Each structure stands twice: as structure tokens, then as C-alpha cells.
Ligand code: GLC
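Next up: just one chain, as C-alpha cells, the form predicted alone.
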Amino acid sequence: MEILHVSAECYPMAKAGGLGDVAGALPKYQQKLGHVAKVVMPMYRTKFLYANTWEVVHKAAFSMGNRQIDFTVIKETSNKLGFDLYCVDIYGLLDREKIYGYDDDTERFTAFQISVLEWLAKWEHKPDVVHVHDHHTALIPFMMQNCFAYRNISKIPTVLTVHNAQYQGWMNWEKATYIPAWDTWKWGLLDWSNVINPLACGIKCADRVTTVSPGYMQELMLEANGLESLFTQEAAKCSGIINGIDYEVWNPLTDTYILDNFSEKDVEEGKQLNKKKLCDDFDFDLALPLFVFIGRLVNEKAADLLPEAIAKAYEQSETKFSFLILGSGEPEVEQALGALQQRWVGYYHSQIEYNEKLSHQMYAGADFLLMPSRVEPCGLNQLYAMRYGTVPVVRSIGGLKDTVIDFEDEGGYGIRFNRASVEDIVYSVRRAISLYPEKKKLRRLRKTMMGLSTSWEQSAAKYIDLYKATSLV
């Protein structure tokens, strides 16, 4: 089977969050299962682009509204990622360093999607499935089925994976002229609440819709930023498949980013050496429990609660602890977290940046990872943490609820709490502090976590089964 993944991100070419990790790992594991998986994404100006060799495979042009769009498709020549990686370049739209955050993102990603279809329509050998990811690529199923120029690819099955339903790519109807000539009788497929909603359109038009955990799929029928009724209506073709993690990247035994490699057999010694590295770098006491938060400092992650929650935990806990933050996001949250450093010198530090190497070292050296998310479709950080023997302290929501069992429940290994609130965070931090001196129990929990099967192998196989469903291929 041949699968073409279309994504705005793909690690290590470009990554802003979990979407990049998924697009960089799922195709590789599908290849290992004996299938042909390819990824096409925008050609951002990143370090990976300049560090590797590419060849031009297609050049063409099309009209988008009153604008002429010239595009080029290039291919990475060495198969470095374990699958074919293609990038679409459009001068003035995709030739930028950042992935998102521009005023013309609507134009950028609409042009990208049209470029992919213009190229795909010219293929002599067509893929068996086109798998699109999130709203940035969700117009593709509609255009394949309803744009006159793409009739020769209209029968190719499509799958949409919703990584985060909060972002939907809303467009005013005046921008409908961007879409190549289409059957205007089908305007209702584009519309949701009187605007063009690419994510809603993808849910309506794709043959199958998946989300990144079973729990998140259930939640979307109750809370999906206005799409609750649509998910309920389309429930028959919707399913949740939990993400995996790439064991070639996230393996404490081979990870080149961390100071000391270790396995389940020597997890205590390995984590202690990696923890010492963090404590030396940030002036922490090695004897104290070390908490970390890694991720975007935004409302979805409940990062706005962290300054007050951390301060109250320090004030209310008789036993001191260390806390290290890594991430960036909303300026006011960054400032509030930075202000804590003056008050809790030697116990707290916030590193406001994206730093892949430091994140690996933190997973390897920390005792506890905090994830108080308001929204967490799957969550990968808790899976990384468990792979490195770090106890996840998570809110019971979405994929966190699917993947973490509280250590006081049968077979448990983590810490869970119910609400994204300062009180629940403080209570859970104190539970973790109480657990820390129980070395035998902590050692058992670490070995249990590290022994879990969280690889992409199982999830990749489930996607293949989905593609092979009778109504698809």
C-alpha cells in the first residue's frame, strides 16, 4: 500500500508540537510494516533544509484568486528519515523560517494544499490513500472530490487526523475564490457557522476521520470549539488511535542528547547522573525531588496556572523541591514564570526557549513531569517521560487519561488529578513529594513505566487496518 501524508510539520524538518513528531514517525513505522509512506510539507527555511541534499521533482503554476502562484516540489535525496520527504516551495509564501503566526497563513496553507493537488494530479502512479493532518491540509478531501481539475484523483480515499480541534483555519467566504473551480452546489461542505471552516470541511469530506486518542474523540463530541454536533453526526466514520513515540529518537539507552545512557536495569544510576547534570547547570540541590514542565506556555497547557501553583506549592510544602520550566508562549506567562526566579533562588528556574537537547536531558534527569493541560488530544510528553523513567503528573483528560494510570490504582505508575486548577496542581505536587522518599516504590514505578509498549508499531498497524477498511480500498 502507498500512503501520501500531507502535513504542515514533520520532524526534524520543522516542528512546533506533537503534529511534527507524528508526521516524522508514523510514516517511518508504516515503511517498516512493508508499505510505502511519503510525506509532503511546506519548504520552510530551516536548518534541516540547508543541511541536506535535495532534488527538484516538479515545477508548475496555478491561479489562486487573482494571483499567479509558481511552485516547486523538491525531494530529500538520501531517504534520511526512513521515508520519502517532499517539500513545496512558493516564493513569498512558504519561504520563511517560522511555521505559523503570519497574517497571511490562510493564503500560505491554501496555496500549499493546491500545489500538492496540482502535483498529485500529474502522478502516473497514484497513492492508495491520501492522509491529511489538521486544518492546514483539511481542504484537500473537498478539493479532490469537487474541483473539476482533480477529477482524475477524486476516487483516491482520504483520511483526516485531527491533532487539535481548537484550531480550525476559519476563512471568510470572500476567499472561496482561492479554491480552484469547483461545483458550487457543494458550498455547504465548506460552510460552518457562515464561514469557510477547513477543519469542519475535512470532517465532512474525508472517508475516515481519526483523532490521536480514544479519549479525545469522546471529548470532541462534548467540547470541540463549536464542532461538537459535527463530530456526533459523523461518529460512524470517526475513531481514536493513540499516538506512539519513535523509539529510535526516544531511547535512553542510545539517546545522544543526554549525558549518561541507561536502561531499565540501571535506571536509578542513569537517572541520578542525568539529574546531577541538570542540578549542576541550574544550581539545584541533587537531593531534592526535581519537577519539570516542558511545552508551550499557553492556555491549553494550563501554563497560566503554573506561577501561582508553583509558588503555593513552595509555601505549603515542608519538604523543598526543585522545579525547571522549558518552553515559550504567551508573554505574560513567560514574565510571571521568570519572576519566580527572584523569589526561589536555588530551587526554581525557567528556560524560555525551544531546546530539543535540553528537553531530552530533562526527561532523563527529572523525577516528575507536570502536565496540567486543559486540552491534551494525546500528549507525547508523558510518553517520553515514562520511556525515561520519569513519573508523569497529569490531569485526567484526553490522551493523558488514556495513557497514565495513577500509582495508587492497580497496575498504576503515574499521578493523576481531575481539574486544571491551582489547588489540584498543588495537591498533586505534594503527592509526588511524599512519594519521592519511598525509593523502592519509586524504582518499581520507573521500571513499570519503562517496560510499557508505547512505540509507533502498534499504532501504525492500526492506521494500516483503517486504510484497508472495505469502504476505502
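Since the model is a prediction, treat every value here as computed from it, not as a measurement. Residue numbers run from 1 along the displayed sequence.
The form predicted in complex with the ligand is left out here; the points below concern that form.
Novice: Would you check, heavy atoms only and a 4.5 Å threshold, whether V22 touches the ligand in the predicted bound form?
Specialist: Yes, V22 sits close enough to the ligand in the predicted bound form that at least one of its heavy atoms falls within 4.5 Å.
Novice: For I140, is any heavy atom within 4.5 Å of the ligand in the predicted bound form, or not?
Specialist: Flag for I140 set to no.
Novice: With the partner left out here, check for me: in the predicted bound form, does some heavy atom of G379 sit within 4.5 Å of the ligand?
Specialist: Flag for G379 set to yes.
Novice: For T403, is any heavy atom within 4.5 Å of the ligand in the predicted bound form, or not?
Specialist: Contact with the ligand, no.
Novice: Can you pick the stretch from 332 to 340, 318 to 326, 195 to 203, 156 to 164 whose heavy atoms fall within 4.5 Å of the ligand in the predicted bound form?
Specialist: Result of the contact check: 156 to 164.
Novice: Go through N243, Q168, T210, N274 and name the one with a heavy atom inside 4.5 Å of the ligand in the predicted bound form.
Specialist: Residue within 4.5 Å of the partner: N243.
Novice: Looking at H136, H360, R395, K301, which is the one with a non-hydrogen atom within 4.5 Å of the ligand in the predicted bound form?
Specialist: When the ligand is considered in the predicted bound form, the option within 4.5 Å is K301.
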